[in-house]
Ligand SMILES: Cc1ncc(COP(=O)(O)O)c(C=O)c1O
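Presented as structure tokens, the chain that follows is alone, the form predicted alone.
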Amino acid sequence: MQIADDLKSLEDRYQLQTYGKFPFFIDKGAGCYVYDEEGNKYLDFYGAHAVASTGHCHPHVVKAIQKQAAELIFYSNVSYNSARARAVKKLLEMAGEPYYQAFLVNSGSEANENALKLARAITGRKEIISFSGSFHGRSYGSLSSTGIPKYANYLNTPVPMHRILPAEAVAEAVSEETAAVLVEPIQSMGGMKEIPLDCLSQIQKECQQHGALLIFDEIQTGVARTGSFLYSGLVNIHPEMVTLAKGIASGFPAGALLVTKELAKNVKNGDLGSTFGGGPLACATMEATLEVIDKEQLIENASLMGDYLKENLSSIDGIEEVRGRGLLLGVKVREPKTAKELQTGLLKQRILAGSSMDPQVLRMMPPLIITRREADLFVEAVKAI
């Protein structure tokens, strides 16, 4: 115990204090569970913020990392690489039409930055429209598009020509000045709010009429989490660009920007670049992750388990609503109770869950491998609270 306390003090001393943390170490994980420094087991319905798509330390992913690390840890995009070739092929096959090519990066924020940059370069316009309540990342351009005041107000000089509007006002705001509309189709941090389908359809129509590009930020909704490989496929609205990260490589830093064939024709040598994006180790991990999602039918499982959780949680007294799709869910707690109280109660039962900017909404982003056993454990714990 003293060693753990000493290590906590060490981390607090040398790391900037920018994160709220669980009051224990997580040094080991397996499947849907993580373990603290004393060996206590926690059911992980937080999923390391929707990152642990295949669960913790999936054997196939671990083996792929070990194999690639022994062969080549890194070489940049100046060279062809077999791991990269296989990974992008698998990624685009699973994404399906109309997506034709990918640009590989290290994070969701970086994926969004490159999408915004590409939109402005291709259209020759500057204006970016995004939604109130959205979250797009921590780097300058993506943060300038973020519609959550806590984060947006941090910038005293945001990137110019970013407009943040309520969902219902976006479509009519699109004009010949608009380079792109950036959409987080389910606003996870904003309280797991899903943008209405008719709203998305109208925005796409206006973008097409005015020559603006549509970008879906699928950093949390993508890679099988909502019961479809892409949320855009689930609702049959296909933007010109889709950004991905989080669970794309089971926790190894990786992200991607997917573009249509028509858009790809406008991208020239040197338009985009990333030193570490598409590195061999990241790509081997990504390929292994996608193979697990495919072979273990985790897309179908996310849909099935999401429906099961929604049905069972919705029947509990004190739960006002269950939002979201698949295994990207928000539990809205009826007042006067709060999501924080529910999160604290779950932690006492050794279950991890996430908070949101809505004080009434608890977020659930568990590994896509959960079964009814884990779902029932979570439901029963919520009932007990």
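Source: prediction; values computed, not measured. All residue numbers refer to positions in the sequence shown, first residue = 1.
Not on display, but discussed next: the form predicted together with the named molecule.
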{"property": "Any non-hydrogen atom of S232 within 4.5 angstroms of the named molecule in the model of the complex", "result": "no"}
{"property": "4.5 Å heavy atom contact, F135 to the named molecule in the model of the complex", "result": "yes"}
{"property": "Non-hydrogen atom contact G108 with the named molecule in the model of the complex at 4.5 angstroms", "result": "yes"}
{"property": "Contact test in the model of the complex: K246 vs the named molecule, heavy atoms, 4.5 Å", "result": "yes"}
{"property": "The named molecule in the model of the complex: contacting segment from 308 to 316, 163 to 171, 275 to 283, 219 to 227, heavy atom within 4.5 Å", "result": "219 to 227"}
{"property": "Residues from 156 to 192 in contact with the named molecule (non-hydrogen atom within 4.5 Å) in the model of the complex", "result": "E184"}
